[in-house]
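As a starting point, one isolated chain is supplied in structure tokens, in the form predicted on its own.
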């Protein structure tokens, strides 16, 4: 009996490679994003260059008591104290002195002269304050980025000075994604946290409450939450089934943007993620930070985890109380062995659910702008597997259906049996000139297509020497003008003929 190829060690999401399980580490950070509480603390700004008024407003908005030292303040800087709605601002129309910096938590130099700014930074650091210098990143302990304000939710965006306009555009996009009503929901979260903590002593129950809270906030972002919301969410959490569960999640064919919202929610709620080798690495970035990831790849015809071992691992983890996501390429219910995994969970009494994904066929057709069911060419669409349990061409394929000229056929996992499959289909009546495509790495940046006919496609594929997950499409729908135009528009480096 062979040894199960189950990983012996797991790592948090984002710290494990999706190829071979080797640690990849956290991606390098240009800066460390941190948030500084300044409520009730003293801050100092010295100088009056163009960036000074905005910096004073930011410090005061964070609740700081700001002393501004400027011998010749601009009109805009003079107006700032009257615009403050939080914290306080006191304007001193004179030069700063070292004694002025005592007891400050945050100091900002806003001088035009470089030497003056250097002197200020040195004096501020000597007091132990955090220091920023306007428009002089080389003198800064911390730097300001673009801000999305839904306080107490605050989003900071930094491009490390490389592309400020780009950062502002990203900020605008995030502004549009986060309704202003979220401020009320986050305020409610702050007010309710103590009651939720006292009601639910277990971490998993508290997390379940806040997941429901988040779903409701996104569903009704502009409504002010009430005590009734709190009571309903508490009741739903208490009534929910306890213990572990398994969710089969479709990761789509490769492009991470094809994930469904429900798939994202499942990834963010998972304790453990069992993923296939074909799952695109960037999809695991959507998992919550604390989740453990385990590669249980079943690709090609080489060594792989046995299905029985995967089933046993899922059940074991769920029985230990874990929320398990079984992450599969494409759609779990289309040639993804979902039936065996669902049966294993049910036999063990484990709650199991399925989140569908964009299938490889859908993704490939969409990326090519090809209609698989063009009404002038196709009356039926059929999905077929290219190999059986032994890796050979299945003996029980319906060759009459494969030869039907009114059908578009999509064959999954066809590489090993491509030549014999097309040869047999032609012998059973498929027209040799029927258009055929083999799509490698569908929807991914390295997607490539080999175009041909049922008669010559296998030869063309062999000559192209391409690698990666592949999908075969055969049928007259590929001959339609729109399909041919779409294929003709494929970038040359992605079309191997």
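Please read all numbers here as calculations on a predicted model, not as lab measurements. Numbering follows the first chain given and starts at 1.
The protein also exists as the form predicted together with S-adenosyl-L-homocysteine (SAH); that form is not presented, and the subsequent description refers to it.
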| query | Want to guess which of 318-326, 406-414, 345-353, 202-210 is within 4.5 Å of S-adenosyl-L-homocysteine (SAH) in the predicted bound form, heavy atoms only? | reply | 406-414
| Taking heavy atoms only, is residue 293 within 4.5 angstroms of S-adenosyl-L-homocysteine (SAH) in the predicted bound form? | no
| said: residue 435 versus S-adenosyl-L-homocysteine (SAH), in the predicted bound form: is there a non-hydrogen atom within 4.5 Å? | reply: no
| Does S-adenosyl-L-homocysteine (SAH) come within 4.5 Å of any heavy atom of residue 109 in the predicted bound form? | no
| task | May I ask you to check whether residue 441 falls inside a 4.5 Å heavy atom distance of S-adenosyl-L-homocysteine (SAH) in the predicted bound form? | result | yes
| Which residue among 335, 399, 182, 144 has a heavy atom within 4.5 angstroms of S-adenosyl-L-homocysteine (SAH) in the predicted bound form? | 335
| Heavy atom within 4.5 Å of S-adenosyl-L-homocysteine (SAH) in the predicted bound form - the one residue of 124, 421, 360, 246 that qualifies | 360
| remark: Taking S-adenosyl-L-homocysteine (SAH) in the predicted bound form and a 4.5 Å non-hydrogen atom cutoff, the residues of 252-277 making contact are 253
